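Shown here is one chain on its own, the form predicted alone, set out as structure tokens.
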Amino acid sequence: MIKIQQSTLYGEAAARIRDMINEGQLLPGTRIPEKKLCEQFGISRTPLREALKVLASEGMVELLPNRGARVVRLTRQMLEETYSVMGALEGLSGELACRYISEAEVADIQALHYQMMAHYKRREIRPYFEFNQRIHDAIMLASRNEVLRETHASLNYRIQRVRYATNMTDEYWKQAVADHEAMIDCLLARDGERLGSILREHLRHKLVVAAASGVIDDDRVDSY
């Protein structure tokens, strides 16, 4: 594994641990193996613990007093509350984007959509998700509202791992693609009200699929 450069120690460490959580290398409820990660990353405990503080602020890990840290479990209540707020934010982003977006930005989003569709047709799920997320990010950027973007990003970190763990049934995948086709139509028509509604409903679909896929733990309190 490539060693982390000194100038970006805790930030790079946080990014790598975030990826490990999202990709299922570090499972919900498990302790973070600090000693092992320090050896893998080629860093000391201090920047690693700073990285864990960053991830704790994002809601991805839980710091345990004098016992290290563990990956936060995904509970139904957590996802319902997070998706509820994110749905409102994404809906607002769609309404604002249709007000401010340029022709060049719409063209860029269309290009991303065509690339996403190519991966969909080949059933290449990870690159599909990459372009899917880039489309949502581009719509958020077009809202011209920095506070909205920052708030959305901080919540998005919490639930990114759901997309990797979700069982993408043909029915759900078709619905997700249909939503994205409709999003493009709304952007072209500058129909902010409809785009906002589609984006809110799009997130509700994700919650239903996550629940059906078994990636959500029952709400409970663990004792340590």
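As the structure is a computational prediction, the values presented were derived from the model and not from experiment. Start at 1 with the first residue shown and count on from there.
Another form exists, predicted in complex with another copy of the chain; not displayed. Remarks below refer to it.
By the criterion of a heavy atom within 4.5 Å, Gln115 is excluded from the residues contacting another copy of the chain in the model of the complex. For the chain shown alone, Met168 is not a contact residue for another copy of the chain in the model of the complex, no non-hydrogen atom being within 4.5 angstroms.
Although the partner is absent here, Glu81 sits close enough that one of its heavy atoms falls within 4.5 Å of another copy of the chain in the model of the complex. Another copy of the chain is not drawn, but in the model of the complex it has no heavy atom within 4.5 Å of Leu74.
The candidate site formed by Val54, Asn145 and Arg158 is fully in contact with another copy of the chain in the model of the complex, as each residue has a non-hydrogen atom within 4.5 angstroms of it. Listed residues Leu96, Ile125, Leu141, Val106 were compared with another copy of the chain in the model of the complex; Leu96 is the one with a heavy atom within 4.5 Å. Contact with another copy of the chain in the model of the complex, judged by any heavy atom within 4.5 Å, is made by just one of Ala176, Ile43, Leu63, Ile184: Leu63. Heavy atoms within 4.5 Å of another copy of the chain in the model of the complex belong, among the stretches 55-63, 168-176, 23-31, 184-192, to residues of 55-63.
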